[in-house]
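Okay, here we've got a single chain as structure tokens, the form predicted on its own, with questions on binding and movement later.
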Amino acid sequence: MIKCDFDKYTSKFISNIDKSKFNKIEKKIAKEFLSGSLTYWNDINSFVSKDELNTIMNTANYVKENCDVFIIIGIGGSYMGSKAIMEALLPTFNKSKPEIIFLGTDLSSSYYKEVIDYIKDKEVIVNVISKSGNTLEPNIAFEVISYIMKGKYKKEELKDRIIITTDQKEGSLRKLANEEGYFTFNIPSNIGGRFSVFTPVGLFPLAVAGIDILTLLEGFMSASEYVSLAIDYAVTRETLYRKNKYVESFTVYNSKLYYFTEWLKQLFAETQGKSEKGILPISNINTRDLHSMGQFLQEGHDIIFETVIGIENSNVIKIVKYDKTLNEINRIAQEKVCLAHYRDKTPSLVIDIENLDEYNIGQLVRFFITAAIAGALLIDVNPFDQPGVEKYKELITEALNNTYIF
């Protein structure tokens, strides 16, 4: 269950009259989700079919039984969502088999060297994820790992150790899979990378990691009840923006949600940051960052608001000195920090979930996706493209001048 409070720590900054300016477009956006062009978000088959789910779970079981290391190759939306959920739900000191390694997220030669050395004596299965098949970083990673695997396994064995998630019909990876007979999962044509965690892009790696993807999907689909709440969040954000709050801090009080805030930064930056519009997303992990960024939020430039994500329930660890559980103390910290920031110059929007589990994370992901899309529509930008991302890619490709060919 998601609980939201967008009024308690914003009331001196914005009023209901400020937000009422959006009433007409707010109703229009709600209609698009409920009965218009965005209703596919209410249909699980838009993301993954029942047959695909069975294949995902069966293939995940095969991977778990036949490798020591499972390498996920992808960048941006091809890995960010699944990593965020793994980090949130898996034990921090997880020693389960297989070990999961992400590659293709950057161009660090030192990290590549460590991965190469680490896997040389281990059984490996790889899942390369790219819709177009033309993205530089995953292509380099796949070239490196393919070379190593071709030295470890026979050609026929590679068919059971290379799994490709890509466009159903087009692209270089689809062509390669058809030529070599590699097993594939399809990326739905209407679901962009940052929204794709509930397609095979995210569900397959999550299933390999041992995440209960059925409960995750159940939470995701049940969050249709929060469409209006998510649109209200989008309206509140935009109202604050028009009050010169240009930066949003996604603030969490559990370090296991760190990578979730990284996914949120991608989600909102790519969905709304275009046409010289949008709010700059940053993140803070409290209470750690109260001892650094906390100073700026309290007394720095008056341009920031917070979206605080809290967890109501957690493991019971009693702190005898205060006669309270550690989670109770953490919740007190969350509330009092919001109050302290509010009394100075930083408003807070508070979003709480009951527990850190598959169902609640599924709901939270859907809530933020809905809000990101709604926010883009509020400011009249296309929620589903990211044209600015292509500009640096063009310059890199030009600089490489055909020295790199995939």
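Don't overthink the numbering: it's just position in the shown sequence, from 1. The structure displayed is predicted, hence computed values, not measured ones.
There is another form of this protein, the form predicted together with a small molecule, and it is not shown here; the text below is about that form.
Taking the partner from the other structure, the small molecule in the predicted bound form has a heavy atom within 4.5 Å of a heavy atom of Thr135. The small molecule in the predicted bound form is not approached by Glu306, whose heavy atoms all lie more than 4.5 angstroms from it. The closest heavy atom approach of Ile75 to the small molecule in the predicted bound form falls within 4.5 Å. Although the partner is absent here, Lys131 is a contact residue: one of its heavy atoms lies within 4.5 angstroms of the small molecule in the predicted bound form.
Proximity to the small molecule in the predicted bound form, defined as a heavy atom within 4.5 Å, singles out one entry of Ser146, Asn254, Ser314, Gln266, which is Gln266.
Remark: of stretches 274 to 282, 327 to 335, 203 to 211, 188 to 196, the one touching the small molecule in the predicted bound form is 188 to 196 (heavy atom within 4.5 Å).
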